[in-house]
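Just the one chain here, the form predicted alone, laid out as structure tokens.
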């Protein structure tokens, strides 16, 4: 099975600040200001969805499906959000986000500038879906 088509990865802190951004060949490249705006916008939408949800204990939006992309989000217990933008219909992104979270906790300090994190992140994104689920 082919690897998932990941367009980009964002990591934002509990205050909504962008602490990591990486593109993986998406058609439209973002400059620094655009990536900061996307992170801030997602943080706000995520927080509003928690407040407006009729479901008690809602933890926010986990999947946003659009015609041209899907956005999958994982929020850690500390409030750090990890989200990937990928091809529509891409499966098993929840598992990938958990792997990315594990790498983050293994290698990171603020701000993110760790070569081992980048190396292991690239390997995790390039693995095929079956190998990812077996982890």
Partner chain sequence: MQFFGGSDISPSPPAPTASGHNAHMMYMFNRNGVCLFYREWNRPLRTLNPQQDHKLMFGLLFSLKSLTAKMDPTSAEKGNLGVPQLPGQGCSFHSFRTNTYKLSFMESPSGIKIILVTHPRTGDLREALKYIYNLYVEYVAKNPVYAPGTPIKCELFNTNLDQYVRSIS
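Keep in mind the model is a prediction, meaning the values are calculated, not measured. Numbering follows the first chain given and starts at 1.
Keep in mind the form predicted in complex with the partner chain is missing from the figure; the text below concerns it.
J.: Looking at 105, 51, 78, 32, which has any heavy atom no more than 4.5 Å from the partner chain in the model of the complex?
T.: Selected residue: 51.
J.: State yes or no: in the model of the complex, is some non-hydrogen atom of residue 37 no more than 4.5 angstroms from a non-hydrogen atom of the partner chain?
T.: Contact with the partner chain, yes.
J.: Is residue 91 near the partner chain? Define near as a heavy atom within 4.5 Å, in the model of the complex.
T.: No.
J.: Counting only non-hydrogen atoms and a 4.5 angstroms cut-off, does residue 64 reach the partner chain in the model of the complex?
T.: Output for residue 64 is yes: heavy atoms within 4.5 Å of the partner chain.
J.: Even though the partner chain is not shown here, does residue 117 get within 4.5 Å of it in the model of the complex, heavy atoms only?
T.: It does not: once the partner chain is placed as it appears in the model of the complex, residue 117 has no heavy atom within 4.5 Å of it.
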